[in-house]
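Take a look at this single chain in structure tokens; it is the form predicted alone.
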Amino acid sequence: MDRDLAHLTDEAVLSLVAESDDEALAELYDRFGGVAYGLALRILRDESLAQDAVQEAFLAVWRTADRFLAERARASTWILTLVHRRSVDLVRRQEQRRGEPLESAPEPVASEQVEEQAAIRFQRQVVQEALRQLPPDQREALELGYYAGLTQSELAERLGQPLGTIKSRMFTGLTRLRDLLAQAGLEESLR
């Protein structure tokens, strides 16, 4: 009997997967399969390999859903991290199979650049997701400070807040952001 799982949160559906619910796995795939494939394709630049990476990642979701901790990361972040890792593993496997480059052939740096670009895009997504989890006043202060390049004094003037309040918001926001990024496996991002 098919159930409608669309009303459940991603984390709730993942907990059903942990109980070996194959309809829940299908629901997660419906929700994240396209994004997962896009991420894998950007890293691998090969449709077949990207499909393999997504399949391996969702197999890992099936096998390890019971280890997912909602307090450490969102389900979407966890799933896309698995896809990213599988994709990078496939890139490395492909490079190992190719063996040593011929002396007359140029050094293969393109795959390293693709992997680096994909990693940067993935890190941006994780940082943006972490920023969305901050309280609005902390997020606003950090975004204006780092993305708009405003000083703390300029922020205080622009937002009509005391300088001490702005400093406190930024400090607290950065601390929470570091924690969120560490939970997502990107603890080096703010250093």
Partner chain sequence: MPEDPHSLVASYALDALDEREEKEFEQHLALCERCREELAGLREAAAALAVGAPPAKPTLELRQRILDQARSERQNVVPLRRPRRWTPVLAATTAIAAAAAIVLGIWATSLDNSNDPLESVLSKPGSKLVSMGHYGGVAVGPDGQAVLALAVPPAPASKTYEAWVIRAGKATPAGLFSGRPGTSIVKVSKPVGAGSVVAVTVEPSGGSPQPTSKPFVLSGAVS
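Numbering follows the first chain given and starts at 1. For clarity, a rigid core is taken as the largest C-alpha set superposing within 1.5 Å between two forms. Since we're looking at a predicted model, the values are computed, not measured.
Just so you know, the form predicted together with the partner chain exists too; it's not on screen, but the next bit is about it.
In the predicted complex, the partner chain stays beyond 4.5 Å of every heavy atom belonging to D137. In the predicted complex, at least one heavy atom of Q128 sits within 4.5 Å of a heavy atom of the partner chain. In the predicted complex, at least one heavy atom of R42 sits within 4.5 Å of a heavy atom of the partner chain.
In the predicted complex, the partner chain sits within 4.5 Å of a heavy atom of R124.
If you take 141 to 170 and check each residue for a heavy atom within 4.5 Å of the partner chain in the predicted complex, you get L142, G145, Y146, Y147, L150, T151, Q152, S153, K167, M170, in sequence order. D179 is among the residues whose C-alpha shifts by 2 Å or more between this form and the one not shown once the rigid core is aligned. With the core held fixed, the Cα of L49 is displaced between this form and the one not shown by less than 2 Å. When two forms of a protein are overlaid on their rigid core, residues whose CA moves 2 Å or more are considered shifted, and M170 is one of them between this form and the one not shown. Panel note: the distance between the CA atoms of E129 and D21 is larger in the predicted complex than in this form, the difference being 3 Å or more. One change in the predicted complex concerns G34 and Q123, whose Cα atoms lie at least 3 Å closer than in this form.
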